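Next up: just one chain, as structure tokens, the form predicted on its own.
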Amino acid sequence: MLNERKLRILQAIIQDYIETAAPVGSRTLSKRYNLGISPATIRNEMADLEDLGFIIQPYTSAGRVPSDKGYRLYVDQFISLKKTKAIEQDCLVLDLLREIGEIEQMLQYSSKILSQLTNYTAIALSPQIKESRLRHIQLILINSDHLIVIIITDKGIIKKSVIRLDDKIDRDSVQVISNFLNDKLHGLAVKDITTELIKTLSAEYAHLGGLIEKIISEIFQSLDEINDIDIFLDGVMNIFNFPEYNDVLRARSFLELLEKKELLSNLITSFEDEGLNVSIGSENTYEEVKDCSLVTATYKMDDTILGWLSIIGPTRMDYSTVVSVMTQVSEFIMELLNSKHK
């Protein structure tokens, strides 16, 4: 464990490097920060911090920059996983989320808000719909041969489809079919709606011709068209705001990383514990992400994962701001999810 003086110097180095992107020397620390010690003492302490692996010298005759180990200590020691400042007026924008009924939409819109508030790239992963269970199916007759099907799952996912029927149907028959479907399908996981089940249910209502089979088949197809996990990106071009990505090769590498949806999905969904998780540089599983940090929020209800939001950026990330904003947005989302669940 570092003593208080070394911690203060490490904190100053990291804060200065986050702000300037320039290696930090003892003279800079002495001038900009009221550390109460001489430049010579600062140099000695920086040498110790380097020996301990908390800072590194990128090239000869340069100042020092934080290592992944240094960032980890900084996050654990100085960044509280509680909100540290109010979003204030920006938070008013989040009120728009109240009008969004689908979790997928909520997460997607939240990622847009996060990218705007943090100036980093935000990632949203939608729920695993194949694992969700049907809560309610509503059939609405538009005219004699067109129906709107509204599907609501236990995760709050709403899927709307318009079905064109081969035969005409009246409102009474629509209500009968609606009651039948809710009776037979309520509580079933989407993945359990098989071709065999469709045929079995259709046989029970053979007197309605192929209506049941048509409607259930459309429901199944509508849900099956959705990927198990959808991934959304916002603020992709924000990366060019950071000087380390003035390097064309590094910028291209980051953009190529964002195109690897399966890799990002596997990385982010590995965080299963509810709340925030900060993964820094070499702590990330994949080689492509070793120069990046992620702050990821996992959303759960009744031990079921509803989705993820993540901020990705260089390891020289403004962790304090990102964690603060992510915490507040996450609290807001959970408040909405709990109210909708009730």
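We number the residues from 1 along the sequence you see. Just so it is clear, the structure is predicted and the values come from calculations on it, not from any experiment.
What comes next is about the form predicted together with the DNA, which does not appear here.
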property	result
is_contact(residue 41, the DNA) in the predicted bound form, heavy atom dist at most 4.5 Å	yes
4.5 angstroms heavy atom contact with the DNA in the predicted bound form for residue 28	yes
Any non-hydrogen atom of residue 285 within 4.5 angstroms of the DNA in the predicted bound form	no
Residue contact check: residue 63 to the DNA in the predicted bound form, 4.5 Å heavy atom	yes
Sole residue of 317, 297, 46, 306 within 4.5 Å of the DNA in the predicted bound form, by heavy atom	46
Position in contact with the DNA when the complex is considered in the predicted bound form, options 24, 9, 323, 329, heavy atoms within 4.5 Å	24
Interface stretch in the predicted bound form with the DNA - options 309 to 317, 289 to 297, 63 to 71, 275 to 283, non-hydrogen atom within 4.5 Å	63 to 71
